[in-house]
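Heads up, the chain below is alone and in the form predicted alone; it's given as structure tokens.
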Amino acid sequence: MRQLTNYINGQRIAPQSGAYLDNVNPATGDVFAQVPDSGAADIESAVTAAAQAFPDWSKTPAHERSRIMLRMADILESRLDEFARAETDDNGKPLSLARTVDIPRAVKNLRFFATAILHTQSESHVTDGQALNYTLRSPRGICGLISPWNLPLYLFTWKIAPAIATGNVAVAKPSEVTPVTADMLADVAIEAGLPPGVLNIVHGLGAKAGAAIVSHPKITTISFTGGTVTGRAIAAVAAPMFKKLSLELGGKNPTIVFADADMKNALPMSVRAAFANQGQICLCGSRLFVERTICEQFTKDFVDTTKQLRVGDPLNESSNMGALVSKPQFEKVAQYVELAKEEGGQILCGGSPPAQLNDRCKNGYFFQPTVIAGLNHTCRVNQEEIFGPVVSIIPFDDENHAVEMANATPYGLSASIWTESLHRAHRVADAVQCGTIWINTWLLRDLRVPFGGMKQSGVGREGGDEAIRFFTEPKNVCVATGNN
């Protein structure tokens, strides 16, 4: 059985308590690794190491930081299959998804920010001939980075890459549910020559290790991706300490399909948006609004397409969907399906675990893709984040009706709009209250653009220049020209 360690000051170190947590393969239900159950003492060690590393790393030339990070990307890419298999065992997602999306995007994160820091620029302003003002941006110091379980390495590197690229040092905590690829990243950092203390990876529970990161007075910056309830608790601790804070939280994302949409693309992409990674992506479209004139036929075609998805062993190339990440997540999804029935919903397909799985997966946490009709847009199932393979189809009468229902949740992370009308696309994109709007596509990402949510979907933006700005502190310098 694999036993993970913390990675502190360039070394692999056991948790000071000597305690470990079971790490379960969600496809089999078997314990396959032991995860450090770290606490405040481990975080203190990581902060000490980071503080010692910061003076040198913050002064390291950008081209040298870039070289090391590009080396990390190369090593990770060379071990892609190994990392993909580990993420599948850890997370339950299909191996094909880990191999083609998750690990490659982690590589891209490292490469993007490694090269972005070579092309930064500073603003300057001439003040009425009296002075020249220019802005310097310096690294903030020790950053606390807390990432979720749904896209383990992808979102872990999404935080680490801009933090260390800009000269900061990091204390990073992956989810205790999916810690294996983060543990493997420590080997990549060592092999690439990342100086000790620049990146420290501490495993453990959010209530212990995560809370110690958030409350530590020497950690100046917090970047968290996860649930809205946890984000609220983090903000309550970090705000009085005046920490710089980025929270990427929950979503209840609408997919809006107008009658004039190109169904050859709208239908399969709407299915993908609903069920990719078992619906465990914060950007999945779990509320499907369809123009009433086409809703009956679209619903039939959507259900028929959904029934063709294969739920099974994530190691099988033929599996479109794997296991939910954990038993609690499986139970949560099942409870929401029962709630949908109580609220008057009709289960058009799915609604239960699959009937037959191979022996390896007989105790896994699998759930069929589930399509529900007949629910009001204000019911709990359409208001609360389920984070599983459950989508609700709701008809709408016109553009205003669609926008009204799309905006009628506490969340505002992303939305997809399907229409061939350019004018309508722009109007609806402007009216829907979400941080990311896709028109006639879904999950098409550009690392240069800002990413984040509105309302209870988060605070702040990540990606591109926004990430570089978040992890650096601006300082204005005003130089008199002698004419004042």
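We number the residues from 1 along the sequence you see. These figures come from a predicted structure and were not determined experimentally.
FYI, the form predicted together with ligand NAD isn't displayed, but the following is about it.
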| query | residue 250 near ligand NAD in the predicted complex, any heavy atom under 4.5 Å? | reply | yes
| Does ligand NAD come within 4.5 Å of any heavy atom of residue 350 in the predicted complex? | no
| residue 451 within 4.5 Å of ligand NAD in the predicted complex, heavy atoms | yes
| query | So in the predicted complex, does any heavy atom of residue 93 sit within 4.5 Å of ligand NAD? | reply | no
| Partner-proximal stretch of 385 to 393, 97 to 105, 355 to 363, 265 to 273 relative to ligand NAD in the predicted complex, 4.5 angstroms, heavy atom | 385 to 393
| task | Check each of 214, 403, 201, 198 and return the one that places a heavy atom within 4.5 angstroms of ligand NAD in the predicted complex. | result | 214
| query | Here the chain is shown alone; which of 313, 183, 291, 176 has a heavy atom within 4.5 Å of ligand NAD in the predicted complex? | reply | 176
| Hey, which residues along 129 to 159 are within 4.5 angstroms of ligand NAD in the predicted complex, non-hydrogen atoms only? | 146, 147, 148, 149, 150, 155
